[in-house]
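Take a look at this one chain, the form predicted alone, written out in structure tokens.
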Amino acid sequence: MSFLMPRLSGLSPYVPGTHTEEEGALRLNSNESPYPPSPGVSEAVAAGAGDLNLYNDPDCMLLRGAIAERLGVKPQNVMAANGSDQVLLLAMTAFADAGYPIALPDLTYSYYDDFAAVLGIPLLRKPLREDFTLDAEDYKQPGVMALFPNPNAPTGLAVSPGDIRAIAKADEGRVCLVDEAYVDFGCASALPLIAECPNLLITRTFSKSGSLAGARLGYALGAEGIIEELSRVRSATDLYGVSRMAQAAGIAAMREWPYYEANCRRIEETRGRTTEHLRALGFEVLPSLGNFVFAKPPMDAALLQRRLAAESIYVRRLSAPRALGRLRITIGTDADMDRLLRAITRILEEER
């Protein structure tokens, strides 16, 4: 007997990358940062532990102020949330419904599908071009919310600020939602556009460049009006959703952001070196601007994934039809990627 509403009977939950706490495992399947949080984060979390008997600030004012100061906006342009996934869910709840569909790429972050299914929102899938780039013209449809990551995941390819501006301006009566989870790894942000595009909403996360995947902390950026509307929905559904510890961690991370910027540049350098080596091994690798690469190996992708997993090296193979022959590989430290490349080189030789 099922108690689910009929519209949810076919719901398929999001399947994350293989999660393991195995000692020595190389988790290149979850797009986590290979670098730990800055020292001040641990100190701030420890200092706040004594106040866990008290409710956290529901408006996250200190955190919003710290984010706003770093980004050069006002606190009223920021809304904090329990991960950027919560921002996405709240935005879809607030700005789309059964009669107000969402246009999104046919190959992208699959959690969007689950949120839409739960909320009963129809999706209009827009095929990426043959080279996996996004065609801005596909998202200028009146009465439809545009939603896409920038850079896209799993491709790592970016949409230009000019194209984002054109999409947002095409219908200023509907929301253009840009997911900037990976923007800090070399992609141009749409943030400067919020001053002229009141319908532009940006989501970001501390999980990738901020080394805080376990803290579950994200935020939204936009004009004051759209942030106020989104905040009303958040307050009505999850008032205390950003824990006291997550707020403390985020504030400390903002204050020590040069540490994280340096880590991002290290990841970019490692990404470039890894891309060169994979191409030399016969892989087809897209020019990524994320903390991962999307690569087509010169052998069966599923077999390579299994062979690597047998050596406790985990990479991601997605189920979308256009992704089946490719692997998404998170960029770790130089030592991590050297281990991966050595394993791949040996496996390719053995499979010849």
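So that there is no doubt, residue numbering starts at 1 and follows the sequence shown. Values in this document were obtained by computation on a predicted structure and should not be read as measured data.
Another form exists, predicted in complex with a small molecule; not displayed. Remarks below refer to it.
Proximity to the small molecule in the predicted bound form, defined as a heavy atom within 4.5 Å, singles out one entry of Tyr260, Tyr139, Tyr182, Phe95, which is Tyr182. Though the small molecule is absent from this view, in the predicted bound form it lies within 4.5 Å of a heavy atom of just one residue from Leu88, Ile194, Leu104, Ile251, which is Leu88.
Shown alone here, Gly83 lies within 4.5 Å of the small molecule in the predicted bound form, counting heavy atoms only. Not displayed here, the small molecule is approached by Lys208 to within 4.5 Å at the level of heavy atoms in the predicted bound form.
For Tyr109, a non-hydrogen atom is located within 4.5 Å of the small molecule in the predicted bound form, even though that partner is not displayed.
By the criterion of a heavy atom within 4.5 Å, Arg216 is counted among the residues contacting the small molecule in the predicted bound form. Checking 269-277, 145-153, 230-238, 72-80 against the small molecule in the predicted bound form, the stretch whose residues place heavy atoms within 4.5 Å of it is 145-153.
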